[in-house]
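As structure tokens, one chain now follows by itself in the form predicted alone.
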């Protein structure tokens, strides 16, 4: 039963990834693309956690935490670049 729930959740997150890619390609503004990229990182984190649950190992949780940190920093840096034109003052 848990495998079916994991498969359903992974399918939903996979569909969300495809929709995020569509928004990144079609986004009318840069803010839409940044939001889609941030959502994409969150979906990848969720997929890694689901895969870690399915495999029964904790290494994927650590990888998810690293991707979360990199995703947060990249989103903040990209937003700052759009607002101010530079990342580091």
Partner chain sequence: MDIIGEILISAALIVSGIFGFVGSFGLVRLRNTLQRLHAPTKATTLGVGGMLVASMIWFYVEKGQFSFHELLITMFLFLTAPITAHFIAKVYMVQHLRGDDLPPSGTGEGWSPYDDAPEDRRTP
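Residue numbers count along the first chain shown, from 1. Since this is a predicted model, take the numbers as computed values, not measurements.
Quick note: we don't show the form predicted in complex with the partner chain, though the next part is all about it.
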item: The partner chain contact in the predicted bound form: residue 88, any heavy atom under 4.5 Å; value: no
item: In the predicted bound form, residue 12 touching the partner chain (heavy atom, 4.5 Å); value: yes
item: is_contact(residue 25, the partner chain) in the predicted bound form, heavy atom dist at most 4.5 Å; value: no
item: The partner chain in the predicted bound form - contacting residues of 1 to 40, heavy atom within 4.5 Å; value: 1, 2, 5, 6, 8, 9, 12, 13, 15, 16, 19, 20, 22, 23, 28, 29, 30, 31, 32, 34, 35, 36, 38, 39
